[in-house]
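This document starts with one chain, in the form predicted on its own, laid out as structure tokens.
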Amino acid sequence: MTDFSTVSESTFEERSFWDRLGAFIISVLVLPLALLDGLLSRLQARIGIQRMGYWFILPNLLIFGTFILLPMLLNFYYGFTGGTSILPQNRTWVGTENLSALLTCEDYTRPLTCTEDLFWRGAANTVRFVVIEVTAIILLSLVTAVALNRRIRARGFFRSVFFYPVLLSPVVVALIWKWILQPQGVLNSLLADGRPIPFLTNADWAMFWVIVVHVWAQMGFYTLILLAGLQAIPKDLYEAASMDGANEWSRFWHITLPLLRPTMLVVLVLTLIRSVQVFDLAFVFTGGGPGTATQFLVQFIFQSAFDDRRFGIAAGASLLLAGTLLVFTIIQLRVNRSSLDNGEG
């Protein structure tokens, strides 16, 4: 026969254990929150409710100041000092010597005549890369966004497919494509007839594939931004234009593009900044080679600082790069603002 008194007693002991465990967990969670609530209540009573917002953003401000603002200030200081020491107190003030060394050239169209020839070689490669990549990303992202905005089958799937490369690490992307394009890689196995194509050892091919891979990896992000801009355009405008006899191209030219202009400006600025800062993908993909065919400005800054320990030259180059970006961004914003004002007028 079953001893119900034993079962009841064991069940009671089991319940008692779980009750005590639950009470312990609640006390561990609730007590710190209660203490924090008490401290915040006293702080609010002292500084006022309007100033509490500064308290909550203080951790973010500390992180921003420590890892972004402070390095920016140190970089500015390094740009006007010399020496191989990384400690600020051990560096000597040299004024604009670093900037002068970077900008000294007999003929700016020939990098070999410059004092810092690798800097100008990297600048020329960066300009070439930016012009081609920004144009390709804007055009392909716009076409892709328009296509994905239509009512097609598996639209959600295709949107995910185009955005998926953005989630990958640039290092992973570079290694995968390097494996595909190497002499014994997948693409050469499919295309080459006994003689592999020098995709990564030929200067023109290397630059071409750096641009292709970078566009492939980044395009999905800008497609998503443009897609959001397209979905914000009222459908009534297209219906009214169709009733007036406007064809599809006319609707795209006179409705889609004008209303999408602010979003395209955002894409243009973001693409320009991202393309000028290209480094990780190209560095892993080609290492800047063959020779200096794919060496960009950020790689020059990296190697000058950490390989050659020329921190002043590296900081000066980064200041020139930041100044150039700032100028182009201001020009783009002013051109867009003037065009919008003229359109409104």
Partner chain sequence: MNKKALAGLFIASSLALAGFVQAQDVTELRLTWYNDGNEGEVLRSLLDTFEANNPDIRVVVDTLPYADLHTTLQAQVEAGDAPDLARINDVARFAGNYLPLNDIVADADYYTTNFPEAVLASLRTADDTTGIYGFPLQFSVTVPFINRTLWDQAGIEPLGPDATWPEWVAASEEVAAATGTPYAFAIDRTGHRFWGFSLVQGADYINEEGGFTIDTPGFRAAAQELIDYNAAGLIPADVWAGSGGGYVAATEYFINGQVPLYYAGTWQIGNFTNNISAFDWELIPNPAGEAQSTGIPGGSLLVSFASTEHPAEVARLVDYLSSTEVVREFSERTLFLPGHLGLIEEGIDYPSSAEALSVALTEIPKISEEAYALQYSPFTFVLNPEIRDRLSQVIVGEISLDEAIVLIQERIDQAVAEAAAAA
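All values reported here derive from a predicted model rather than from experimental measurement. Positions refer to the first chain, counted from 1.
There is another form of this protein, the form predicted in complex with its partner chain, and it is not shown here; the text below is about that form.
Within 4.5 Å of its partner chain in the predicted complex, heavy atoms considered, which of Pro32, Pro290, Gly65, Gly38? None of the others qualify; the residue that does is Pro290.
Which residue, Gln231, Ser242, Ser100, Thr84, has a heavy atom that falls within 4.5 Å of its partner chain in the predicted complex? Checked against the cut-off, the match is Thr84.
Proximity of Arg51 to its partner chain in the predicted complex, heavy atoms at 4.5 Å: Because no heavy atom of Arg51 falls inside 4.5 Å of its partner chain in the predicted complex, the answer is no.
Using a 4.5 Å heavy atom cut-off, state whether Leu200 contacts its partner chain in the predicted complex. Contact check for Leu200: yes, within 4.5 Å of its partner chain in the predicted complex.
Test of understanding: in the predicted complex, would Glu248 fall inside 4.5 Å of its partner chain by heavy atoms? Answer no; every heavy atom of Glu248 is more than 4.5 Å from its partner chain in the predicted complex.
Heavy atoms within 4.5 Å of its partner chain in the predicted complex: does Leu118 have any? Yes.
Where, among 151 to 159, 86 to 94, 259 to 267, 169 to 177, do residues come within 4.5 Å of its partner chain in the predicted complex by heavy atom distance? Heavy atoms within 4.5 Å of its partner chain in the predicted complex occur in 86 to 94.
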